[in-house]
Every structure is written in C-alpha cells, then in structure tokens.
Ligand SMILES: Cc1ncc(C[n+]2csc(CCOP(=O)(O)OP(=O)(O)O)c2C)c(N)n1
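Below, in structure tokens: the form predicted alone, a single chain.
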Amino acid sequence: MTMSTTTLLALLKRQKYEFFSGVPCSHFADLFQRVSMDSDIMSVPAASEGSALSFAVGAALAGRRSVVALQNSGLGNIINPLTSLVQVNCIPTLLLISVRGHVDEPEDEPQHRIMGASTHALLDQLAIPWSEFDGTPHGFMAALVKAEEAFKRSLSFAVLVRKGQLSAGVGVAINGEQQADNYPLNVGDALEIISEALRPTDLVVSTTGFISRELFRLSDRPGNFYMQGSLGHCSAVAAGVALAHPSRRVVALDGDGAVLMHMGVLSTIGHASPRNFLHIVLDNEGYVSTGGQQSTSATSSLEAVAVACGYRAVRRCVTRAELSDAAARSLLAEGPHFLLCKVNQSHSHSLPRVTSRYTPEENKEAFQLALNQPRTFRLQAVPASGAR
C-alpha cells in the first residue's frame, strides 16, 4: 500500500504537529520539499540527525509539537540526544524513521544490513515504542494515536516507514532539475578533471552516495576507497590516512551535505595540518541521491569556514579551467588544501554501484595493498592563503 506525502502531512497537522526537521532519505522522496512548502508547519533542514532532534526539542520547549524524520542508519547519530536530552528531560518527539535493510525485504546495500536487522532491537533497548507503518492513511493515523499514548507517559514514539510506502505529492520537484543549470559542471565532469590531475601514487577516499558511484564509473582504481554509508566521515578517514602515511598524497572527495553534517572535522584537520592532504568538496547544494532535497550550503561559505579552520590554501571553483588549475596546483603544493567546486545536480542516468564489482572488504583490501606500495612525492612549500 502507498500513501502520498500530502496525506501524511494532513494527518500530522490534524494532530497539531507544527515543527519538522530531519535528514533526507530516498524512501521519503519529496517529503522534505513538501513540508518546506507548507505554511502550517515550520521546517528546518538539519545537517545531522542529532541536530534535527535538538531543533525539535527546542521547538517543543517553546510549545510546538515536533516531528523528526531520518533514515534508520541515522539512529546512531541521535542516541546521545535521545537519552541525555529527550528522555532525561521528558520531552517526547515523534520520529519518522525510514527503514533500509529490513530483514523481510530483498538484500540491500551492505551498509544498511546491520542497522536494518537491529532497528527494532535498538528502539526496544532505548525504551522507545514503535509501530510499523502499513502504507495506509488509517494505519498512519493509528500510529499517531499510539504516539499520543506514549507522549502521555513522556515517551517518544517511532513510526517505521518502508520502501514504496510513501508517494510524491502533486506539483513537487523531487529530482533537483530546477537547479541543474545553475553551474556549468556536474559531478561527473568535475571528477573527470580531478582524475586527470591525479598521479598513480595518489590515494583517494570518496564520500558515500553518487560521488563514489560516479568515481567508480569514471576512474576505478586500487587506490580508491569508496565510503559505503557513514555520511560525513569521508574527510576524517582521508585525513587519518594522510597523517598515518605522510609519504603519500591523499585526496578526500566530499559533498556539501557530508561536510555540513560534521563540520567540526574541518577544525581538526586544520589543527592537525596534514601536509599531504587535499580536501575537494563537490557542492551541488542538495542531497541528490535521496531525491534532490536542498542542503543549506547555498547560504553558507564552506571555503570561508576552511580558511577559519586553518587550511593552508583554499580555492573556490566553478568552471572547468578553474578546477583544472586548482587541482593541479594543489596536488603539487604543501597542504592541507581545500577546493570547493560548485556543481549542478545532473548525473549519468545509470550509475553503477561499487558493490556490483567489490564487497566493502575487497575494496578495503585493494586500497591497503595500494597504500603500502613504497611511494614518495615532493611537495612545494607555499605560504598560507585565504579563500580566492
């Protein structure tokens, strides 16, 4: 059974929910766009699940009933605020959780299997009552009634939504095409330029989602470590490799949503200052792999943040020539470097998954073999510089 997001929001409003926050998931399709267009519900696009829950708690303290939407993989990111903020202070919240890797469904990507098999048990362990959505308005309303009963006991309540149970509301763009022409390059174009500048000895860590899939399509190599899940942790993994292996150049291929999720890592990288590190952020101002929901990078200057955090040199690129020059220069000079490349939201119509060729463990082993080959490179010392 399938219910439209329009109906879902109507039922939420019937129960007096007035505040919405969360982190997008493809199972929710256009839910985030739809709620952002609804004048009856205040909507805040959060960078992380923990922040979304905290926004909701603040709204609840101010008297607004709150909803937090997240993928079940993000449950790990809200355990601390769930326990030490929500439960300690008895401020219950409605959780809309999209379930990936459900045990009753066909096998999902590896990064979803563990949490998919553990979602029910984790909610039970946290003493959060939950209900499986059946895809019908009656079923969703029944879940909201159960949530009311939980709230009376100062307990949060989770509604678990599975693939295909929500459909798009009328008149909502869910694929990001409205922003596709804002910038001349797409992710594939940018990765082609970057790949041409890389040397065989360079190591690459790419963020989860379409960036890893585009890199796999265009330039699969043993020295690529493709992140599977773990949104927001690409730069820390790459910087950890760079710090532990200073004889090799390490490149982090990141996205705006990932950087926003754990922006504090930029400060740590600036402090640790790995001289062999290049951080490239492909900023399409949205979460394209989950339906094109907008991120907040359009109103943020990530390159200015990198300057403030202590990166040695920072560049902002829009055109092919700018990115080609910046990548070539950064790969030769002492880092850490930060390149922000604005890209549009168009992608190849058929993006292969890394798991069509490698298991995560096979990818890890190939990367480690490539990493441990004896290689050295020379860096040119450059003065620290700001964004330009």
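In this text, all values refer to a predicted model and were calculated from it rather than measured experimentally. Numbering starts at 1 and runs along the sequence shown.
Below, we refer to the form predicted together with the ligand, which is not included among the displayed structures.
J.: Look up in the model of the complex whether Pro81 has a non-hydrogen atom within 4.5 angstroms of the ligand, and give yes or no.
T.: No, Pro81 is distant from the partner.
J.: Answer with yes or no whether Ser131 is in contact with the ligand in the model of the complex, where contact means some heavy atom within 4.5 Å.
T.: Answer no; every heavy atom of Ser131 is more than 4.5 Å from the ligand in the model of the complex.
J.: With the cut-off set at 4.5 Å between non-hydrogen atoms, does Asp256 touch the ligand in the model of the complex?
T.: Asp256: yes, in contact with the ligand in the model of the complex.
J.: Mark Gly286 yes when one of its heavy atoms lies within 4.5 Å of a heavy atom of the ligand in the model of the complex, and no otherwise.
T.: Output for Gly286 is yes: heavy atoms within 4.5 Å of the ligand.
J.: Based on heavy atom distances of at most 4.5 Å to the ligand in the model of the complex, which listed stretch, 142-150, 258-266, 302-310, 243-251, is the contact stretch?
T.: Checking each option against the 4.5 Å cut-off leaves 258-266.
J.: Here the chain is shown alone; which of Asn224, Thr208, Gln165, Asn186 has a heavy atom within 4.5 Å of the ligand in the model of the complex?
T.: It is Thr208 that has a heavy atom within 4.5 Å of the partner.
J.: Can you pick the one in Asn276, Ser156, Thr290, Thr119 that has a heavy atom within 4.5 Å of the ligand in the model of the complex?
T.: Contact residue from the list: Thr290.
J.: Which residues within 44-69 place at least one heavy atom within 4.5 Å of the ligand in the model of the complex?
T.: Heavy-atom contacts to the ligand in the model of the complex: only Glu49.
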